[in-house]
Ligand SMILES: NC(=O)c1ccc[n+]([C@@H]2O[C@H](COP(=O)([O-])OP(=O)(O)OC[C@H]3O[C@@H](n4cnc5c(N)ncnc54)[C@H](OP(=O)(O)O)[C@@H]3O)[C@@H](O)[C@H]2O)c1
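Have a look below at one chain only, the form predicted on its own, in structure tokens format.
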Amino acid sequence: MAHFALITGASSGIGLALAEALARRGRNLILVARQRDALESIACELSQRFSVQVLFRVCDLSQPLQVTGLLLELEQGAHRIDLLINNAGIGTSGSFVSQDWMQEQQLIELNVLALARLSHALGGIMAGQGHGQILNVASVAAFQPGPGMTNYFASKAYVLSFSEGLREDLKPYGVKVSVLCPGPTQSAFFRTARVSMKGLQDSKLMMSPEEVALITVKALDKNQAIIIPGWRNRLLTLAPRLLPRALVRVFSGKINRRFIKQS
């Protein structure tokens, strides 16, 4: 039975870069995203370039019924998944109470519930097999509160804490768990979250998805628990742990509001 890596949010950004990095290493892939046309094109290109099997599944992971359908298909299929990468996620910006609740609920469904559900289902299968690996994608935002992007920062804090706990839960079963906490990365995230890239585009903090992916796959080889690409980003995660919480949340809010686009 062929082994596959399943990647959510694989049609662009870090998800696409990870798909290419893994295909380059000879990994068979199952790509999950909402955009059929993009997935078809990516699957065709990667399979031709790297002579690997690349399957795709169209699924909106913010919709619980679609997640159920995806899991049923995976459980009944003949493809053994030994690497799960929960990369799909969205952000929102602005005062939390002024946001459309449906968008905030969609964020929670995707960033938190879908990630936990896939980890539960596929992590359970991996535990039964006695091996496997899970990578959950959080953010440097996970290390602090984020006024102005309150729900997004909180969702990534969940991913970080959840992943660390899951790592210890699954260790006795031979399943490895890591969490990726990238800093600012060139992707469509800023546009969809209505966050301005002005001042960030030329920042030394900004990394390309390909840089993040290369660092990540090397860290996965080493079974690194928390992966923070770039020494500047690692420094960013230290400050919230050293400064008073009251100061951290004030500074974080001021920084976030500098980049939030006004409607």
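Computed from a predicted structure; not experimentally measured. In case it trips you up, residue 1 is the first one in the sequence shown, and so on.
Another form, the form predicted in complex with this ligand, is not on view; read the next lines as being about it.
- In the predicted bound form, no heavy atom of E40 sits within 4.5 Å of this ligand.
- For A121, no non-hydrogen atom is located within 4.5 Å of this ligand in the predicted bound form, even though that partner is not displayed.
- By the criterion of a heavy atom within 4.5 Å, L72 is excluded from the residues contacting this ligand in the predicted bound form.
- Residue contact with this ligand in the predicted bound form: L61 places a heavy atom within 4.5 Å of it.
- None of T185, S93, Q133, Q144 but one reaches within 4.5 angstroms of this ligand in the predicted bound form through a heavy atom, and that residue is T185.
- Considering this ligand in the predicted bound form, the lone stretch of 73-81, 96-104, 168-176, 136-144 in range is 136-144 [heavy atom distance within 4.5 Å].
- Scanning 88-116 for heavy atoms within 4.5 Å of this ligand in the predicted bound form gives A88, G89, I90, Q106, L110 in sequence order.
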